[in-house]
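Next up: a single chain in structure tokens, the form predicted alone.
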């Protein structure tokens, strides 16, 4: 049985702070020379961990960025894989994603067969995650790269049934994703329906550009909030603490 240290860390943060807050780092978007400052700033501001990954990996800085997380913080580095090439032994864990909202077999189970021995050799913690793409007003990178249709944003019952099926299949996280840079966030009605139906943590990301919206998602039932695209602009870095405070409603950081 794989060590569940990172998964337990996330659950403990949810229990202690009301919800957990993760920041997604795209190696193509965050330069290594600025990473040290940003990572330390995030830890001081109360971030609970980092997702690391991207769809294309044009820069080749994937492992270097994970290494920066490990050197500069005590927070977990969790791979958010855009392909089977994104596996590294220096990470703490990897989201073992299955795109359950679509019907593309390659992204439901196909690539997992190839990736699983790589993950075992790397000795990192796999966190089985149901990846549920939600219609967001634009064709997002996740939708395009996975070749699958997102769930309709006005059908919370479909999202709830999909998430419940994933939980019954043994998934440990439900990730409701509007997509990087989405025009619209995951609707609150969908979050409420999934949170009410499922007993595993619900992660929500995509298009969250303000602390107020982050808090709305938590109040709707999200256990984990993910932001990424918003902090690709360095002018927004001073907002990390406000996002953290909004998510951690049980133990907010003073802003």
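Residue numbers count along the first chain shown, from 1. Here the structure is a predicted model, which means the values were calculated and not measured.
What comes next is about the form predicted in complex with a small molecule, which does not appear here.
With the partner omitted here, the stretch from 191 to 199, 205 to 213, 63 to 71, 31 to 39 that lies within 4.5 Å of the small molecule by heavy atoms in the predicted bound form is 205 to 213. Interface residue among 10, 240, 24, 246 relative to the small molecule in the predicted bound form, by the heavy atom within 4.5 Å criterion: 24.
The partner is absent here; in the predicted bound form, the one residue of 91, 163, 134, 182 having a heavy atom within 4.5 Å of the small molecule is 182. Of the heavy atoms in residue 227, some are within 4.5 Å of the small molecule in the predicted bound form.
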